[in-house]
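Just the one chain here, the form predicted on its own, laid out as structure tokens.
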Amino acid sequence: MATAGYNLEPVLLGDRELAQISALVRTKAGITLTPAKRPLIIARLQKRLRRLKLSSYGDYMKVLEADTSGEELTSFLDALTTNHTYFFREEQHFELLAATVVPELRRTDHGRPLRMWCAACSSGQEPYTIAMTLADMTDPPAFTMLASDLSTRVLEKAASGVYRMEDVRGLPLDVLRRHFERGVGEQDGLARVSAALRRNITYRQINLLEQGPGGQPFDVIFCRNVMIYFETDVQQRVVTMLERHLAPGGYLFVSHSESLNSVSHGLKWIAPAAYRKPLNG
């Protein structure tokens, strides 16, 4: 098929522009992109250059610098941040949540709803897994949950609660029946998380390097599979912020591939990749 007005060949990414892009990603998202990531950067940003009809990455950097709205910066970070997740990932944490964490919190919560924050929620599988875990307890607790991510693209998907059937096929049949609605007609091949689960979750864009969520501290924070992309100094900033937003006696979950051993904090290790803030903290 002939094309007019477009060069579909990849635009070359020079060393200077690569350094500029890498510096901006590290400043805004805390992620270090090495020169080995050049092919990934080109693959991810080609669409932006074509949409803006730009012929060089230098021109694209000028667009980013002149973007006072922040919209193009959001698109830039959306393109370069990785979002991979699935339901009940590292399921031991959800077992610990139901068997130990919630019962312990209930001893001191004075009957109020639990406050939870899923701080790197990606496309929603993690916050919905948390919600399913709580709903399936013998005596389900009342809770509110904030789910946040840097990427507005994945937040939109998460808030919709709609997934392909292959994304939920590994879930037990009874879980699917309780917590999902199967699409029919034009929605065939899709499944949607039930309204009962969706109504307790609020989605919001939050950059963990620039701000916290504000408001009341949280009883439980999940921040998993994001700090693996950060160098130690950035990890320290994020952990300090998370600890500040934990209520006394609150719990922090990180990924099993992550460790807090290299950063300073006042949290107590309670299980692999699970920590608790002292009650007098």
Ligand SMILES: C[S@@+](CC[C@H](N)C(=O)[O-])C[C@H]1O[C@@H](n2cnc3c(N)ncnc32)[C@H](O)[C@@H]1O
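Because the structure is predicted, anything quoted here is derived from the model rather than measured. Numbers follow the displayed sequence, beginning with 1.
Note that the form predicted together with this ligand isn't included here; everything after this is about it.
In the predicted complex, this ligand sits within 4.5 Å of a heavy atom of residue 81. Proximity of residue 235 to this ligand in the predicted complex falls outside the 4.5 Å heavy atom cutoff. When this ligand is considered in the predicted complex, residue 220 lies well away from it, no heavy atom lying within 4.5 Å. Using a 4.5 Å cutoff between non-hydrogen atoms, residue 114 does not count as a contact of this ligand in the predicted complex. For the options 89, 182, 157, 178, the residue carrying a heavy atom within 4.5 angstroms of this ligand in the predicted complex is 89. A heavy atom within 4.5 Å of this ligand in the predicted complex is found for exactly one of 226, 246, 45, 239: 226. Of the candidate stretches 122-130, 95-103, 67-75, 158-166, only 122-130 has residues with heavy atoms within 4.5 Å of this ligand in the predicted complex. Contacts between 10-45 and this ligand, taken as any heavy atom within 4.5 Å in the predicted complex, involve 29, 31.
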